[in-house]
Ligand SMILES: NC(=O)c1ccc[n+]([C@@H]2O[C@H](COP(=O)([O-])OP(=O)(O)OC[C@H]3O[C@@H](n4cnc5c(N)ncnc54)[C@H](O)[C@@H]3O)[C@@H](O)[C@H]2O)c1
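The chain below stands alone, shown as structure tokens; this is the form predicted alone.
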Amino acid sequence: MKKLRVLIIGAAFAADLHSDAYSRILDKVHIAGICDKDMSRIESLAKRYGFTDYKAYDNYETAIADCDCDVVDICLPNFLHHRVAIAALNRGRHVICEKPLATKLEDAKEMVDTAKRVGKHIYYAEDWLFAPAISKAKEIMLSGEVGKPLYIRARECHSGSHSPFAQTIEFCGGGCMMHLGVHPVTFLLALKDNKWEEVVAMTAPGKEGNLIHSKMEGEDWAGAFIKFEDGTYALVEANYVTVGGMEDIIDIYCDQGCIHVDLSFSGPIRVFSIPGLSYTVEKAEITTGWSTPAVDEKYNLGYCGEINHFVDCALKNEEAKVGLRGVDGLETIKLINAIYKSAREGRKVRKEELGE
């Protein structure tokens, strides 16, 4: 069986998430190269997940030119997605790109247009779409056993990003709506085949106007109501003011029932510890007292499913499913831009205003 040859660009947080997934499917994946400015991080990542027979690089341009690979997996800060993706696509490689696709709409569009021109695929890494709990909720919703879906409330929140690149709009593309809200936005667009009509939103103004994070250029709280073409509605929330760990919640309200999904806090284990555990859930500030430690967190958040899907698609030279294509990442940025426009101008924004 032919193995997919992967070059991972970046060896920090996102690379750890993807590498865990690759390590579970080494029967069909070979990590051909790893690139990071800090070579010690490459060695640590490879050792952690059992990668061998790979080339190490400290420059992405050299890595893309030299590494014999099929796919370039971009696990870098948001502002670097565009330039690395363009280089990889022009070299004839498929691309896996972490969220958001880019920090600017024009950059995301160039990425999608370049992939189309060179005949390669962009696989947009939205883990929510493979979270087992969300997949089950979607299955129940589509079965009709809770009736017709009417309204969805979805949010991702925590106490603030660990990344210094999240502090500036230039490097991140926005505040918490771009960095966190990107997950529920992409989920909703995938559910509705990108067919939204209008949005009305509010956000904190950034810097001193933020609720807590006065040194952050982007907003630390944001909320948006979205109307879709099918006449249904959704509320998306993102914030950096939620303590106690990452909060990923989806509520689906139907005319004959409702579905509640908790991606991060629900689990089969409860622990009480006086000295504290080494880890419970992502972004938890303390681990003393009672806690609910995550069980296989990366799998349950969807990272394993998404990477497995991308590997299968790339081996067959096929496009990913709706919500996981480059064009879906582009549509997500369009809607987030509309959210920012609505908040900035204090009015409802219709999709038709944005053009193509």
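Heads up: residue numbers just count along the shown sequence, starting at 1. Note that the coordinates shown come from a computational prediction; the quantities given were computed from them, not determined experimentally.
Beyond the structure shown, there is the form predicted in complex with the ligand, which is absent from this document and is the topic of what follows.
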- prompt: Does Gly174 reach the ligand in the predicted complex, with heavy atoms at most 4.5 Å apart?
  reply: no
query: With the partner left out of view, is Lys321 within 4.5 angstroms of the ligand in the predicted complex by any non-hydrogen atom?
result: no
task: Tell me, yes or no, whether Leu80 is in contact with the ligand in the predicted complex, where a contact means a heavy atom of each within 4.5 Å.
output: yes
- prompt: Does at least one non-hydrogen atom of Gly245 fall within 4.5 angstroms of the ligand in the predicted complex?
  reply: no
message: Please tell me which of Ala21, Ala343, Leu335, Ala11 lies within 4.5 Å of the ligand in the predicted complex, judged by heavy atoms.
response: Ala11
task: Find the only residue in Lys55, Arg41, Arg325, Lys298 having a heavy atom within 4.5 Å of the ligand in the predicted complex.
output: Arg41
task: Would you mind picking out the stretch of 260-268, 177-185, 206-214, 132-140 that comes within 4.5 angstroms of the ligand in the predicted complex, counting non-hydrogen atoms?
output: 177-185
- request: Output the sequence-ordered list of residues from 18-53 with at least one heavy atom within 4.5 Å of the ligand in the predicted complex.
  value: Cys35, Asp36, Lys37, Asp38, Arg41
